[in-house]
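Have a look below at one chain only, the form predicted alone, in C-alpha coordinates format.
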(Lines give C-alpha, C1' and ligand atoms only; values in the text may rest on other atoms or scores of the structure.)
Protein backbone atom coordinates (compact mmCIF):
# COMPACT_ATOMS: atom_id res chain seq x y z
CA UNK A 1 0.00 0.00 0.00
CA UNK A 2 1.53 3.32 -1.01
CA UNK A 3 1.35 6.44 1.12
CA UNK A 4 -1.34 8.12 -0.97
CA UNK A 5 -3.61 5.09 -0.69
CA UNK A 6 -3.09 4.92 3.07
CA UNK A 7 -4.01 8.54 3.64
CA UNK A 8 -6.95 8.29 1.24
CA UNK A 9 -8.35 5.34 3.21
CA UNK A 10 -7.68 6.97 6.57
CA UNK A 11 -9.30 10.32 5.86
CA UNK A 12 -12.11 8.95 3.71
CA UNK A 13 -13.10 6.40 6.34
CA UNK A 14 -13.06 9.10 9.01
CA UNK A 15 -15.58 11.22 7.13
CA UNK A 16 -13.45 13.78 5.29
CA UNK A 17 -14.98 15.26 2.13
CA UNK A 18 -13.49 15.08 -1.35
CA UNK A 19 -11.42 18.25 -1.07
CA UNK A 20 -10.12 17.36 2.38
CA UNK A 21 -9.10 13.87 1.26
CA UNK A 22 -7.36 15.18 -1.85
CA UNK A 23 -5.40 17.72 0.18
CA UNK A 24 -4.42 15.34 2.96
CA UNK A 25 -3.37 12.53 0.60
CA UNK A 26 -1.88 14.89 -2.02
CA UNK A 27 -4.10 13.42 -4.75
CA UNK A 28 -4.91 14.70 -8.20
CA UNK A 29 -8.54 14.56 -9.33
CA UNK A 30 -7.69 11.53 -11.47
CA UNK A 31 -6.01 9.71 -8.59
CA UNK A 32 -8.94 10.44 -6.31
CA UNK A 33 -11.45 8.99 -8.77
CA UNK A 34 -9.32 5.91 -9.28
CA UNK A 35 -9.17 5.26 -5.54
CA UNK A 36 -12.89 5.91 -5.21
CA UNK A 37 -13.52 3.11 -7.68
CA UNK A 38 -10.93 0.61 -6.50
CA UNK A 39 -11.23 1.04 -2.71
CA UNK A 40 -14.90 1.74 -2.08
CA UNK A 41 -15.50 -1.61 -0.37
CA UNK A 42 -12.43 -1.22 1.83
CA UNK A 43 -13.59 2.22 2.95
CA UNK A 44 -16.99 0.75 3.93
CA UNK A 45 -15.32 -2.06 5.86
CA UNK A 46 -13.10 0.33 7.81
CA UNK A 47 -16.08 2.57 8.61
CA UNK A 48 -18.04 -0.43 9.88
CA UNK A 49 -15.16 -1.46 12.14
CA UNK A 50 -14.35 1.98 13.56
CA UNK A 51 -16.76 1.63 16.54
CA UNK A 52 -15.18 -1.71 17.40
CA UNK A 53 -11.68 -0.23 17.07
CA UNK A 54 -12.61 2.47 19.58
CA UNK A 55 -12.93 -0.13 22.38
CA UNK A 56 -10.61 -2.89 21.15
CA UNK A 57 -8.04 -2.34 23.93
CA UNK A 58 -10.32 -2.98 26.92
CA UNK A 59 -12.20 -5.65 24.97
CA UNK A 60 -8.93 -7.43 24.16
CA UNK A 61 -7.89 -7.53 27.82
CA UNK A 62 -11.33 -8.62 28.98
CA UNK A 63 -11.92 -11.31 26.35
CA UNK A 64 -8.48 -12.92 26.69
CA UNK A 65 -9.10 -13.79 30.32
CA UNK A 66 -8.97 -17.51 31.08
CA UNK A 67 -12.68 -17.59 31.84
CA UNK A 68 -13.34 -17.18 28.11
CA UNK A 69 -10.91 -19.93 27.09
CA UNK A 70 -11.84 -23.32 25.68
CA UNK A 71 -10.07 -26.37 24.37
CA UNK A 72 -6.82 -25.64 22.57
CA UNK A 73 -5.77 -27.16 19.27
CA UNK A 74 -2.96 -28.89 21.13
CA UNK A 75 -5.52 -30.55 23.42
CA UNK A 76 -7.54 -31.54 20.37
CA UNK A 77 -4.51 -33.29 18.92
CA UNK A 78 -4.17 -31.00 15.92
CA UNK A 79 -0.72 -30.90 14.28
CA UNK A 80 1.89 -28.79 16.02
CA UNK A 81 3.03 -25.83 13.90
CA UNK A 82 6.67 -25.83 12.84
CA UNK A 83 9.06 -24.21 15.31
CA UNK A 84 11.04 -22.53 12.54
CA UNK A 85 9.89 -21.32 9.13
CA UNK A 86 12.81 -21.69 6.78
CA UNK A 87 12.64 -20.09 3.33
CA UNK A 88 14.62 -21.70 0.55
CA UNK A 89 18.04 -20.34 -0.28
CA UNK A 90 21.73 -20.67 0.40
CA UNK A 91 22.67 -20.20 4.04
CA UNK A 92 25.42 -17.69 4.70
CA UNK A 93 27.09 -18.92 7.90
CA UNK A 94 27.79 -16.45 10.68
CA UNK A 95 30.77 -16.71 13.03
CA UNK A 96 30.18 -19.66 15.36
CA UNK A 97 28.49 -18.83 18.63
CA UNK A 98 31.23 -20.40 20.77
CA UNK A 99 33.87 -18.45 18.85
CA UNK A 100 32.34 -15.01 19.34
CA UNK A 101 34.61 -12.81 21.50
CA UNK A 102 32.83 -12.04 24.77
CA UNK A 103 32.53 -8.23 25.16
CA UNK A 104 34.05 -6.92 28.37
CA UNK A 105 31.10 -5.08 29.87
CA UNK A 106 29.16 -5.82 33.02
CA UNK A 107 25.44 -6.36 33.00
CA UNK A 108 25.08 -3.42 35.38
CA UNK A 109 26.98 -1.16 32.99
CA UNK A 110 24.95 -2.32 29.97
CA UNK A 111 21.68 -1.63 31.77
CA UNK A 112 22.76 1.72 33.21
CA UNK A 113 24.04 3.15 29.90
CA UNK A 114 21.26 1.79 27.70
CA UNK A 115 19.46 4.53 25.79
CA UNK A 116 17.37 4.61 22.63
CA UNK A 117 19.94 5.62 20.01
CA UNK A 118 18.76 7.23 16.78
CA UNK A 119 22.00 8.58 15.32
CA UNK A 120 24.85 6.29 14.36
CA UNK A 121 28.40 6.55 13.11
CA UNK A 122 29.46 5.34 9.67
CA UNK A 123 31.43 2.49 11.24
CA UNK A 124 30.17 -0.92 10.08
CA UNK A 125 29.25 -3.78 12.34
CA UNK A 126 31.52 -6.78 12.02
CA UNK A 127 30.03 -10.17 11.30
CA UNK A 128 31.14 -11.24 14.78
CA UNK A 129 29.16 -8.38 16.31
CA UNK A 130 26.09 -9.21 14.21
CA UNK A 131 26.46 -12.83 15.23
CA UNK A 132 26.56 -11.78 18.89
CA UNK A 133 23.39 -9.68 18.54
CA UNK A 134 21.52 -12.57 16.94
CA UNK A 135 22.88 -14.98 19.56
CA UNK A 136 21.49 -12.73 22.29
CA UNK A 137 17.97 -12.41 20.90
CA UNK A 138 17.08 -15.00 18.26
CA UNK A 139 19.54 -17.92 18.29
CA UNK A 140 18.10 -21.32 19.24
CA UNK A 141 20.50 -23.02 21.61
CA UNK A 142 18.43 -26.22 21.55
CA UNK A 143 15.70 -27.83 19.48
CA UNK A 144 13.54 -30.66 20.70
CA UNK A 145 10.75 -32.58 19.06
CA UNK A 146 8.51 -35.34 20.29
CA UNK A 147 5.02 -36.63 19.84
CA UNK A 148 3.27 -33.75 18.04
CA UNK A 149 5.54 -31.11 19.54
CA UNK A 150 8.44 -28.93 18.42
CA UNK A 151 10.13 -26.43 20.70
CA UNK A 152 13.22 -24.25 20.61
CA UNK A 153 15.08 -22.89 23.61
CA UNK A 154 16.65 -19.45 23.22
CA UNK A 155 18.34 -16.73 25.22
CA UNK A 156 15.06 -14.85 25.65
CA UNK A 157 12.00 -16.19 27.48
CA UNK A 158 8.81 -17.07 25.63
CA UNK A 159 5.50 -18.44 26.86
CA UNK A 160 5.68 -22.22 26.62
CA UNK A 161 8.91 -21.92 24.61
CA UNK A 162 6.73 -21.30 21.58
CA UNK A 163 8.94 -18.42 20.30
CA UNK A 164 6.36 -17.29 17.71
CA UNK A 165 8.74 -15.00 15.81
CA UNK A 166 10.87 -14.84 12.70
CA UNK A 167 13.80 -12.45 12.43
CA UNK A 168 14.49 -10.52 9.22
CA UNK A 169 17.36 -8.09 8.71
CA UNK A 170 17.80 -5.06 6.52
CA UNK A 171 21.57 -5.03 6.21
CA UNK A 172 22.95 -1.58 5.46
CA UNK A 173 26.54 -1.61 6.72
CA UNK A 174 27.91 -4.95 7.88
CA UNK A 175 31.39 -6.08 6.93
CA UNK A 176 31.47 -8.58 4.06
CA UNK A 177 27.68 -8.69 3.72
CA UNK A 178 25.98 -7.29 0.64
CA UNK A 179 23.34 -4.73 1.64
CA UNK A 180 19.82 -6.09 1.31
CA UNK A 181 17.09 -8.10 2.99
CA UNK A 182 17.91 -11.31 4.88
CA UNK A 183 16.21 -13.92 7.07
CA UNK A 184 17.96 -15.43 10.09
CA UNK A 185 17.97 -19.20 10.63
CA UNK A 186 17.99 -19.67 14.42
CA UNK A 187 19.02 -23.34 14.29
CA UNK A 188 21.79 -23.07 11.69
CA UNK A 189 22.93 -19.62 12.85
CA UNK A 190 23.14 -18.21 9.38
CA UNK A 191 21.44 -15.83 7.00
CA UNK A 192 19.46 -16.42 3.83
CA UNK A 193 19.40 -13.50 1.43
CA UNK A 194 15.87 -12.89 0.25
CA UNK A 195 14.71 -11.76 -3.14
CA UNK A 196 13.80 -8.10 -2.83
CA UNK A 197 13.56 -5.06 -5.09
CA UNK A 198 16.62 -2.83 -5.36
CA UNK A 199 14.82 -0.09 -3.45
CA UNK A 200 13.93 -2.31 -0.48
CA UNK A 201 15.70 0.04 1.96
CA UNK A 202 13.61 2.98 0.72
CA UNK A 203 10.44 0.88 0.95
CA UNK A 204 11.21 -0.08 4.52
CA UNK A 205 11.96 3.58 5.29
CA UNK A 206 8.55 4.49 3.85
CA UNK A 207 6.92 1.69 5.86
CA UNK A 208 8.55 3.01 9.03
CA UNK A 209 7.05 6.44 8.38
CA UNK A 210 10.36 8.07 7.36
CA UNK A 211 12.19 7.27 10.60
CA UNK A 212 15.61 7.59 9.04
CA UNK A 213 17.46 5.41 11.55
CA UNK A 214 16.21 2.29 9.75
CA UNK A 215 18.51 3.14 6.83
CA UNK A 216 21.33 4.93 8.67
CA UNK A 217 21.77 2.03 11.12
CA UNK A 218 24.28 -0.69 10.27
CA UNK A 219 21.45 -3.22 10.44
CA UNK A 220 17.74 -3.02 11.10
CA UNK A 221 16.17 -6.09 12.67
CA UNK A 222 12.55 -6.70 11.68
CA UNK A 223 10.69 -9.11 13.94
CA UNK A 224 7.58 -10.81 12.60
CA UNK A 225 5.01 -12.80 14.54
CA UNK A 226 3.50 -16.13 13.53
CA UNK A 227 0.69 -16.22 16.11
CA UNK A 228 -0.56 -19.75 15.51
CA UNK A 229 2.71 -21.11 16.86
CA UNK A 230 1.44 -19.90 20.26
CA UNK A 231 -2.33 -20.01 19.61
CA UNK A 232 -2.03 -23.78 19.04
CA UNK A 233 -1.35 -24.07 22.78
CA UNK A 234 -2.75 -20.92 24.40
CA UNK A 235 -5.66 -19.87 22.17
CA UNK A 236 -6.53 -16.17 22.05
CA UNK A 237 -4.55 -15.40 25.19
CA UNK A 238 -1.49 -15.98 23.01
CA UNK A 239 -1.94 -12.51 21.54
CA UNK A 240 -1.08 -11.09 24.97
CA UNK A 241 2.08 -13.20 25.00
CA UNK A 242 3.18 -12.04 21.54
CA UNK A 243 3.83 -8.51 22.77
CA UNK A 244 5.30 -9.61 26.08
CA UNK A 245 7.72 -11.94 24.27
CA UNK A 246 8.62 -9.23 21.74
CA UNK A 247 9.58 -7.00 24.67
CA UNK A 248 11.98 -9.65 25.98
CA UNK A 249 13.56 -9.87 22.53
CA UNK A 250 13.90 -6.10 22.25
CA UNK A 251 15.61 -5.69 25.62
CA UNK A 252 18.20 -8.33 24.73
CA UNK A 253 18.92 -6.48 21.47
CA UNK A 254 19.39 -3.28 23.47
CA UNK A 255 21.79 -4.84 25.99
CA UNK A 256 23.75 -6.77 23.38
CA UNK A 257 24.12 -3.58 21.34
CA UNK A 258 25.61 -1.79 24.35
CA UNK A 259 28.09 -4.63 24.74
CA UNK A 260 29.51 -4.09 21.24
CA UNK A 261 29.73 -0.30 21.42
CA UNK A 262 26.49 0.18 19.53
CA UNK A 263 22.98 1.35 20.30
CA UNK A 264 19.46 0.43 19.33
CA UNK A 265 16.09 2.08 18.99
CA UNK A 266 12.90 0.05 19.16
CA UNK A 267 10.23 1.06 16.65
CA UNK A 268 6.56 0.23 17.00
CA UNK A 269 5.25 3.02 14.76
CA UNK A 270 5.09 1.66 11.22
CA UNK A 271 2.53 1.13 8.49
CA UNK A 272 1.58 -2.50 8.95
CA UNK A 273 0.42 -2.97 5.36
CA UNK A 274 3.65 -1.57 3.92
CA UNK A 275 6.00 -3.49 6.17
CA UNK A 276 4.21 -6.78 5.62
CA UNK A 277 4.36 -6.18 1.89
CA UNK A 278 8.12 -5.50 2.07
CA UNK A 279 8.65 -8.92 3.62
CA UNK A 280 6.03 -10.73 1.54
CA UNK A 281 3.83 -11.48 4.56
CA UNK A 282 0.06 -11.91 4.47
CA UNK A 283 -0.59 -9.82 7.59
CA UNK A 284 -2.59 -12.58 9.30
CA UNK A 285 -0.62 -15.82 9.51
CA UNK A 286 2.51 -13.71 9.80
CA UNK A 287 2.95 -9.98 10.36
CA UNK A 288 5.59 -7.46 11.40
CA UNK A 289 5.43 -6.74 15.12
CA UNK A 290 8.68 -4.86 15.98
CA UNK A 291 11.54 -3.05 14.27
CA UNK A 292 14.98 -2.45 15.79
CA UNK A 293 17.74 -0.42 14.07
CA UNK A 294 21.22 -1.00 15.51
CA UNK A 295 24.34 0.97 14.71
CA UNK A 296 27.71 1.94 16.16
CA UNK A 297 27.77 4.96 18.44
CA UNK A 298 29.23 8.23 17.32
CA UNK A 299 32.34 9.45 19.10
CA UNK A 300 31.41 10.82 22.51
CA UNK A 301 27.97 9.18 22.62
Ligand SMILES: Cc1cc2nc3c(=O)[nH]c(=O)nc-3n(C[C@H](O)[C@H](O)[C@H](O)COP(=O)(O)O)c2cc1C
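Positions refer to the first chain, counted from 1. Treat the numbers as computed from the prediction; the structure is a model and nothing was measured.
Below: the form predicted together with this ligand, not depicted.
Trainee: Using a 4.5 Å cut on heavy atoms, which of 265, 27, 242, 259 is close to this ligand in the predicted bound form?
Mentor: Among 265, 27, 242, 259, a heavy atom within 4.5 Å of this ligand in the predicted bound form occurs only for 265.
Trainee: Can you pick the one in 211, 152, 172, 131 that has a heavy atom within 4.5 Å of this ligand in the predicted bound form?
Mentor: Selected residue: 211.
Trainee: I'd like to know if residue 118 sits close to this ligand in the predicted bound form, meaning any non-hydrogen atom pair within 4.5 angstroms.
Mentor: Yes, contact at 4.5 Å.
Trainee: So in the predicted bound form, is this ligand close enough to residue 269 to count as touching (4.5 Å, heavy atoms)?
Mentor: Answer yes; at least one heavy atom of residue 269 falls within 4.5 Å of this ligand in the predicted bound form.
Trainee: Could you tell me if residue 193 has a non-hydrogen atom within 4.5 Å of this ligand in the predicted bound form?
Mentor: Taking the distances in the predicted bound form, the answer for residue 193 is no, it never comes within 4.5 Å of this ligand.
Trainee: Would you classify residue 85 as touching this ligand in the predicted bound form, given a 4.5 Å non-hydrogen atom cut-off?
Mentor: Close contact is absent here: in the predicted bound form, residue 85 is far from this ligand, nothing within 4.5 Å, heavy atoms only.
Trainee: Just to confirm the contact call: exactly one of 68-76, 193-201, 108-116, 94-102 touches this ligand in the predicted bound form at a 4.5 Å heavy atom cutoff, so which is it?
Mentor: Partner-contacting stretch among the options: 108-116.
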